[in-house]
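First, one chain by itself in structure tokens, the form predicted alone.
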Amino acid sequence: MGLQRYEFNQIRMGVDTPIVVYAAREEQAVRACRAAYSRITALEERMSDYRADSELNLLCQRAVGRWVKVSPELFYVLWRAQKLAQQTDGAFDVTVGPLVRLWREARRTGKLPDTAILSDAKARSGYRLMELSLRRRAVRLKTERMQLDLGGIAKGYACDCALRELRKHGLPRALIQMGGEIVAGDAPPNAPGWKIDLPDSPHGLFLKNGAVSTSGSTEQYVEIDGVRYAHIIDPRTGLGLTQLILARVRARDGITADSLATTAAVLGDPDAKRLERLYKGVQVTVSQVCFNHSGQPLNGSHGRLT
């Protein structure tokens, strides 16, 4: 019996999460994808900053001034994040949670935070305020009321884990997407790869055993006094990006593509190109967002499977 294509879609980490697989039998596809979604759910319970009882939020409460041991998954994501923060002098920084919460409030009210509130949030942010101990597999925070936010890295990692789950169930020909993150396994039958449509590329791309991530300032933003502030926080200013930019990264795995795309958006062109020297095989593109006559972005959305 030949392989058949099966598609599923559930919401995970606040976004549609389609999974496409090729399997010999429907029951195999259902069983494997159920396991993949369960794996993502378990990671969301660890890494969400929305859930009060997540491992991440409990860590923020308990790790001030003392070492707290964390799960292998959470430690790995924090270790990768801290490494990138050090490499980019804080252009990528998961300690920006207090600033992210201010952005959410600004989006709700349409008002920027006042100077004192912004200064307080910035004082509770900064990658140097988080310490990691590989020997202990533990985390220590240096100041009160810190908030870690894994929005620029966790989805890519979750896609990687979901793909590994599908492989364990005998389905290497698979693709997972979470918002702007796409991670692909082996190519579909008789194809060079998974065909990904990109709004800023007339030919798209074929993806296999790799990942592509898109990050930009067009889909989630708030406009205040004629200025667009994106959901991506620039750790240097404490505010959302104001430059209308689209960053895309192609990498060997989702955690790399996701975190580097966020970093590239913050760095902008041409500084983002140095990420290619830091990570072997990575391809980084950064472009200005163009709009049509209706004010809609022409090249401001993430890729999608066709």
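Since the structure is predicted, the reported quantities are computational estimates derived from the model, not experimental observations. Numbers follow the displayed sequence, beginning with 1.
Beyond what is shown, the protein has a form predicted together with a small molecule; the following relates to that form.
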Position in contact with the small molecule when the complex is considered in the predicted bound form, options Leu207, Ala121, Val100, Ala138, heavy atoms within 4.5 Å
Val100
Sort through Ala211, Ile232, Leu163, Val77 and report the residue having a heavy atom within 4.5 Å of the small molecule in the predicted bound form.
Ile232
Heavy atom of Ala91 within 4.5 Å of the small molecule in the predicted bound form
yes
Look up in the predicted bound form whether Ala174 has a non-hydrogen atom within 4.5 angstroms of the small molecule, and give yes or no.
no
Check whether Gly151 has any heavy atom within 4.5 Å of a heavy atom of the small molecule in the predicted bound form, and answer yes or no.
yes
Exercise: Cys33 in contact with the small molecule in the predicted bound form, heavy atom 4.5 Å
no
Please pick out the stretch from 63-71, 257-265, 270-278, 39-47 that is in contact with the small molecule in the predicted bound form, where contact means heavy atoms within 4.5 Å.
257-265
